[in-house]
Structures are given as C-alpha cells and as structure tokens.
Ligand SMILES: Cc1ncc(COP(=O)(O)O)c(C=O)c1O
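Shown here is one chain on its own, the form predicted on its own, set out as structure tokens.
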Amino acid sequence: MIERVQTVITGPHHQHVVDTMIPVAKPIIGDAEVEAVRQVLQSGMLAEGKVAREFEKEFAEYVGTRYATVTSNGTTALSTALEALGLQPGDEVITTPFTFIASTNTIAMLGGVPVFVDIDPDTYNINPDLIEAAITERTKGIMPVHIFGMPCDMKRIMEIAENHDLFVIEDACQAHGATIDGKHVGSFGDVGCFSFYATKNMMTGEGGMITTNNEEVLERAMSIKNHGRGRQGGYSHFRIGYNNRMMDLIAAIGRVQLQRMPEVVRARREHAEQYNKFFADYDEVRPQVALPGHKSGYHVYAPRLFSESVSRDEMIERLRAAGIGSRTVYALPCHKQHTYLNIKEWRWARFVEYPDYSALHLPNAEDVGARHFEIPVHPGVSDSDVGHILSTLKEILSG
C-alpha cells in the first residue's frame, strides 16, 4: 500500500479531496528482498557467482528457454547478444523507432546500422507488413521490441527471418510476463533480452538477462560479458570482452522478484482491463491493442488521445493536478532524436555508411508519439486509486 497525505485540489475542474501523487511506477521491495541481500552480504561472495547461476536457471525455466545468462543491465544484454550473434560493422538490423533509444543504440554501438520501419498504430509494435521491403543484402537481423509489454507478431516475424536467413533478437526489456498463446516472449527468437531496471515488472535496480536455446550463442555471450574468458574462468582470455556481469547481490533480489511475477502481472492486467472497459465508451481514447492470443505484461499503460476538446498535454496536466502520475514515454521516436539526426557525429560514421535519418518519415510512430499518455497500472495502485483515476478521466473527457 502506498502511504499518502490527503490534499484538496481546487480549480475550474476540481474541488475534491485527493491523495498525493499516484506514481506511474513503484518498485515492490519487501522483507524477502532485504533478507536475500543480507544472506549474500554475510556470505562474503558478492560478485557474480552461485546466486547468479541459480537466478539464470530459474529465469530460463520461467521464460521457457534452455539457457539464460545474467548481465549488468538491459542495454548490455542487447549489446552482448548482438555481438554473440555475429553482428559486424555495416550490418543492418531492422527495428522499430518507437522504443527506448537503448534498443537502437546497441546496434550502432557495434557499428551496425539501425533500419527503422514504421509501427502498427494499434499495437505500437513493428509492422511485419513493412519488414521485407526493408531487407537488403546487408541485412543480418531483426530486432522486434515488445513495447510497453505488448508482444509483437512473432509468428510472422520468425517466418520472414527464416525465409531470409536473418537472426531475431527479441527486445523483451519491458515484457516480463507477456505471452503469445501461453508461451513467454523471449523464447521465440534466437535470443531474448530482458531488463531489471527499477521500474520494470520485476526489478533489481539495474540488471539484465539473455535467454536462448542456442548453446553456442550462450557460450559466446558468457565470454563476451566476462572479459573474453572461457567457462573455466581464470586468466585465460580468448576474445575482446567486457565487464557486463551481474553481482550476486543483484541476482539475489532478482530471484525474489521472479517469485512475485505471477501476482505482479495479474494485478497489472486487472488494472488494464478496468481501463480498457472504461475507455470502450469513449471514441476519443484508444488503448494499445493485443493481437489474438497475445497477453501484455502491461509494463506501461498508455492509450492514444484523439479528443478535439482537450490536448494530450492538457490531459497530462489535469491528471497530475488531480494527483495522478501521467507523462509521455516516447513522444520523440528514435529517428527524430538528435542522436540519429546527427549520426555523422558518431565515431563509426567514419567507416560505416548510415542513412539520412532526417529524411525518414514514419507517420504511425510519430502519431503515437504525439498522442499517447501514461496512467499508473502497477500493483501499488489500489482499488480506490483506480476509482479516482477513472472518475478524473470521466470529468476531463466530459468537458
């Protein structure tokens, strides 16, 4: 339960008592996490070791893959996985512009070329209908991102990848608990990558995980993330590697958080269903849509606003005035960020030819970016919070 202090909000649209801000995200940290960390501290073995190995095994079992290996965060999970899959400078990877920029930056970090294709305006995910037209002789892979926890159309994406001999790396950094016909995301592609950042469905503050069924990819990833060592460790090194490891302190939190996952996802879906039912009566608000058989983990609940009487920014302002956390998430898609508008400043541009991203127009990604607004959906949202959120939305949408 979130502790609150009641305040009175007054103005032309409000005159009632509300709680202090209902946050858009709230990590769940309990006695079990504290005890898990205490045990690791008392053991004196803090670096990646036995607890991390246990966490990997449990997470692989949860997702439904043969293998998993921990990393320091979701970004290093993606970059390590891309390198393990053999990405070379100049190689193209097809992906979505509507995502956190780390998704696409990991491609560019290795000298790869992000190739953006537009999204489906309802699912907010990469549109499979547009992928094949973007494939060239330099294309090596596809990186679908299960945005906000909503699964991509993995059946079609895998078919395209198999037809063109491309790897698929699932960015599932926001999609813990999301499923397609009962099968967890992160188990469809050659590799899946997860983040345990503090706001995620399961969190360790920072941390990441790579999942795969390919033992060779696993071995390469484990070497890359650990200074190029082999499994035996020690001071023999076989490739250029990095320190992308996870401390056992962090893995201990992850093991407890993984046990919480079913209840966390259940609560998020329950809140999202209440919001979806409410918005069904309002043509001017359209929630993110799940394809048949797809179940979102609802890391974020962010519908689009098509109202003529209230703008998206006004909606956010009035929700906040009523003590409800609200914001845009990716108002500016990746291809409109300074990073890609000025890609020639990137060091790899001396050796790799990048497209002119400033000439790229992806109308669906740009429109969703301009229209969406987030409302709290996490397990810390109480029944009374939901009632307050819905009554506030009703007041705003009724003019």
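The first residue of the sequence shown is number 1, and the count goes up from there. This one's a predicted model, so the numbers in the text were calculated from it and none came from an experiment.
The form predicted in complex with the named molecule is left out here; the points below concern that form.
Within 4.5 Å of the named molecule in the model of the complex, a heavy atom is found for none of E56, T69 and T212. Put simply, F100 is close to the named molecule in the model of the complex: some heavy atom of it is within 4.5 Å.
Taking the partner from the other structure, the named molecule in the model of the complex has no heavy atom within 4.5 Å of any heavy atom of G186. Contact annotation: V145 falls within 4.5 Å of the named molecule in the model of the complex, judged by heavy atom distances. In the model of the complex, Y275 stays away from the named molecule, with no heavy atom inside 4.5 Å.
Proximity to the named molecule in the model of the complex, defined as a heavy atom within 4.5 Å, singles out one entry of N73, T139, N105, S223, which is N73. Of the residues I126, I94, L78, V191, just one reaches the named molecule in the model of the complex with a heavy atom at 4.5 Å or closer; this is L78.
With the partner omitted here, the stretch from 229-237, 251-259, 79-87, 191-199 that lies within 4.5 Å of the named molecule by heavy atoms in the model of the complex is 191-199.
In this stretch, 321-346, the one residue having a heavy atom within 4.5 Å of the named molecule in the model of the complex is Y330; the partner itself is omitted from this view.
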